[in-house]
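In the block that follows, a single chain appears as structure tokens, in the form predicted on its own.
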């Protein structure tokens, strides 16, 4: 472990976009009777305390596995989803609760490119009409002529043709009246880009903008995005699951896991020397063509936890290869491990007979408990200790005691340390290894 780290404090900057402790939770649909019995509202913690800033002209890459909440962050930035808590600032203005005409005016300056160009284009609308549609919506800002007039229609047509030419959607005159079904995947992506650029925005949120394209087309689209950035002085929030793509285009990288930013900093430094164990795991997935440079990969075990009930402490701790005893172990971690143990007939033996089916165990906070036959309590405690011998070292160290009370077996965990974001060699890391 390293020495004491500095806790990060927000300071005023010249950032064009700033997120402060952004949270976006979605309610879980459940039967009426279950809602009555449930204490409090059950929600999916899609985004759970995200903070970062982007300066004008920067490209920030938001990288993470599917389901980590990165697309929800992008949609919240353009106010397509309503934040549950926290604040969003654009160009110094708090837009968290903006609505009505003010929100409409804001969306001219912030545009989004969605992941699937096939789904984001109306199949019944020609390419020219789709690209020019935002101009009709914001006609009061852009339209020099009366809306609906022949002059206005011709003005829109010329703007659309210019935008199509700029993004390489050529020959623009021939493609103007084509429908999305007549275009290839790369052409559709360029059409979506032209539609976003036609309003001359300051910030583009690119949500997996090249993930559905072939590698040859992907490189050309990425080069086009860099060229458009230089020409129009654009700022990008580039959302992707592919670190190799982010390395090509991004100035800064933010690594996201289960609703939280775990590491953020300059792209070159993060690729050269990643700090968070999750960042290291993601970088190891990138294929290395040179066999002599390949090293042994230490990949996370298990699956991404449930966002309805995220892990305590560091959310990566159940899968982390460098986990500590203080990272956030709790009762349900033991129950999950016991379930895995009982599922293996070779390891379990007669453990299920003594420890009961996994459904009999209760996990609440730091305490896991099992009510059993009074005659079996002592043996159950002994067998629980035996099972813990096979548990990860950090989990064993986090267990405070295994005891019995009347007919109940109790596994109690120690309290975990508070998790803070710390400055580590030019980047911000959320990990107890650096506190």
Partner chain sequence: MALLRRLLFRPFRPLVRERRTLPGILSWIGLGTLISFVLIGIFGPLLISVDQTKPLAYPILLSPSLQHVMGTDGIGRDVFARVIWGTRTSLEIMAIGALLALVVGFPLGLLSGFVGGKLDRLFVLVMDSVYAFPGLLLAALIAAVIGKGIFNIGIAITVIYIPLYFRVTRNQTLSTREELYVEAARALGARSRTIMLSYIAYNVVIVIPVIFSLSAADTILTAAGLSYLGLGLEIDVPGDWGRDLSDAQRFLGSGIWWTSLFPGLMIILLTVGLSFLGEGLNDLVNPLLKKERA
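Numbering follows the first chain given and starts at 1. All values reported here derive from a predicted model rather than from experimental measurement.
One more form of this protein, predicted in complex with the partner chain, exists but is not displayed; see below.
**Q** Applying a 4.5 Å heavy atom distance criterion, does residue 358 contact the partner chain in the predicted complex?
**A** Heavy-atom contact with the partner chain at 4.5 Å: absent for residue 358.
**Q** Taking any heavy atom pair closer than or equal to 4.5 Å as contact, tell me whether residue 283 reaches the partner chain in the predicted complex.
**A** Answer no; every heavy atom of residue 283 is more than 4.5 Å from the partner chain in the predicted complex.
**Q** Looking at the partner-bound form in the predicted complex, is residue 114 within 4.5 Å of the partner chain by any heavy atom?
**A** Residue 114: yes, in contact with the partner chain in the predicted complex.
**Q** Taking the partner chain as it sits in the predicted complex, is residue 138 near enough to touch it, meaning that at least one heavy atom pair lies within 4.5 angstroms?
**A** Residue 138: yes, in contact with the partner chain in the predicted complex.
**Q** Sort through 123, 92, 171, 99 and report the residue having a heavy atom within 4.5 Å of the partner chain in the predicted complex.
**A** Of the candidates 123, 92, 171, 99, 123 is the one lying within 4.5 Å of the partner chain in the predicted complex.
**Q** Answer with one of 118, 165, 347, 87: the residue that has a non-hydrogen atom within 4.5 Å of the partner chain in the predicted complex.
**A** The residue from 118, 165, 347, 87 that makes the contact is 118.
**Q** Run the contact test on 266, 276 and 427 with a 4.5 Å heavy atom cut-off to the partner chain in the predicted complex and return yes or no.
**A** Spot residues vs the partner chain: no contact at all.
**Q** Tell me the stretch among 318 to 326, 230 to 238, 125 to 133, 151 to 159 that has any heavy atom within 4.5 angstroms of the partner chain in the predicted complex.
**A** That would be 125 to 133.
**Q** Quick one: name the residues from 83 to 108 with any non-hydrogen atom within 4.5 angstroms of the partner chain in the predicted complex.
**A** Read in sequence order, the residues that approach the partner chain (within 4.5 Å, in the predicted complex) are 101, 104, 107.
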